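Here's a solo chain for you in structure tokens, the form predicted on its own.
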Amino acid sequence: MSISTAPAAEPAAATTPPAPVRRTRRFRHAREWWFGALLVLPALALAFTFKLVPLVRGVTTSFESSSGFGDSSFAGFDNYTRMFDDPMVLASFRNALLVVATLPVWIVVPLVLAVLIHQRAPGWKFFRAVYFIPYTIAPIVVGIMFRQILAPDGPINALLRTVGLEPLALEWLNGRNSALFSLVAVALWSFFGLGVMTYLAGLATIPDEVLEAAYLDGAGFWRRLFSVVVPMLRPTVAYWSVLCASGVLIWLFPLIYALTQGGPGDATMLPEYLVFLTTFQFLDRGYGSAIGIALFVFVALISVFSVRHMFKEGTRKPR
């Protein structure tokens, strides 16, 4: 008995679109590319005009020696070597390191408040609005307001004396050990509302069933926070961490100007405020630009470290 086999079907030949179709696709892709470039062009122009050009100008000015805003002469690296012998510059960067050391507070406090609001704690609607209000107030206004609140005879000390805690009634902005951290506390009060809103946006992506399951399993608040919320919210935590790391040293100028003006002594002197004093009060443009470029490098290093480590943690999938 013979078995007949049907001939194998030949593979279908690859169909090539006709030339008019290929030209239409290329035209559509080119049109989309130019349309996208047109949308990006204004942002690039603004970044070039207000970011790159001032940066290049600042670098060139840092190599000049000038008195006032008149003619200047080339000074080479004199302005940079001068910084290493300037105790005020060294003190300002030492204070900057102390401010950077407070970053965990900037990261954790808004997260805790955001989780409480997300879990609809009593009064959550009220606090959701209240916590963001300080961010809408101009920093210079915040500084003027807290200059009265933290005064030696201000309401904070009056309250402490009333409840019998008079030893804690300090000269908050005049004490060498308390002034810098009082300044950081005011800045945190002013800016942490943005962090709360950022975390709330991230918490909206976590299914409610996950948190409810952790609650039914007996996990307390802190266990849910660090074992459930933080692993699922790593990209948002990383974003806020990088934003704080790069911004904490350039957010404080209006508060320093309104609260302490760098005092007492050099206790609250930070590089950004020192750039202002050197350039516009002592009229030393070259030296002020050199300090500004040093601050730029300092912030850039912190930002690169944050991006490489914190963002790597943020994008890592939880186990």
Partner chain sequence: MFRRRLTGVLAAGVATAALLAACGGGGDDAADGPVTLKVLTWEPGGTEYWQQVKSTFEASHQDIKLDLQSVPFDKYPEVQGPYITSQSGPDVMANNAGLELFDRRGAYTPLGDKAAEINKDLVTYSGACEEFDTSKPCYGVPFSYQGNVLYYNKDVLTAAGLDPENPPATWDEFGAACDAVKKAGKTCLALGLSGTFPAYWDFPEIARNYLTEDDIRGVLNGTLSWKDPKLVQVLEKLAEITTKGWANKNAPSITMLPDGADIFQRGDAAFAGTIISDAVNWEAFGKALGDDKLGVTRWPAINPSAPLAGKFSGIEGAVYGVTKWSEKKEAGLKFITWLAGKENGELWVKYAKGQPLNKNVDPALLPESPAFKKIQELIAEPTLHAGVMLSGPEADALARGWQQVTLGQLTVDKWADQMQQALERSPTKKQGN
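Note that this is a predicted model, so its numbers are computed, not measured. Numbering follows the first chain given and starts at 1.
What comes next is about the form predicted together with the partner chain, which does not appear here.
Enquirer: Could you work out which of 122, 218, 164, 87 is the residue within 4.5 angstroms of the partner chain in the predicted bound form, going by heavy atoms?
Expert: Looking at 122, 218, 164, 87 one by one, just 87 meets the 4.5 Å heavy-atom criterion.
Enquirer: Given that the partner chain is left out here, which of 224, 234, 82, 128 has a heavy atom within 4.5 Å of it in the predicted bound form?
Expert: Result of the distance check: 82.
Enquirer: Pick from 172-180, 205-213, 129-137, 238-246: which stretch has a heavy atom within 4.5 Å of the partner chain in the predicted bound form?
Expert: Going through the listed ranges, the match is 172-180.
Enquirer: Could you confirm whether residue 118 comes within 4.5 Å of the partner chain in the predicted bound form, counting heavy atoms only?
Expert: Residue-level check for residue 118: no, no contact with the partner chain.
Enquirer: Taking the partner chain as it sits in the predicted bound form, is residue 283 near enough to touch it, meaning that at least one heavy atom pair lies within 4.5 angstroms?
Expert: Residue 283: yes, in contact with the partner chain in the predicted bound form.
Enquirer: In the predicted bound form, does residue 255 have a heavy atom within 4.5 Å of the partner chain?
Expert: The answer is no: residue 255 has no heavy atom within 4.5 Å of the partner chain.
Enquirer: Report yes if any heavy atom of residue 62 sits within 4.5 Å of a heavy atom of the partner chain in the predicted bound form; otherwise report no.
Expert: Taking the distances in the predicted bound form, the answer for residue 62 is no, it never comes within 4.5 Å of the partner chain.
Enquirer: Residue by residue through 187-222, which ones have a non-hydrogen atom no more than 4.5 angstroms from the partner chain in the predicted bound form?
Expert: The stretch does not touch the partner at all.
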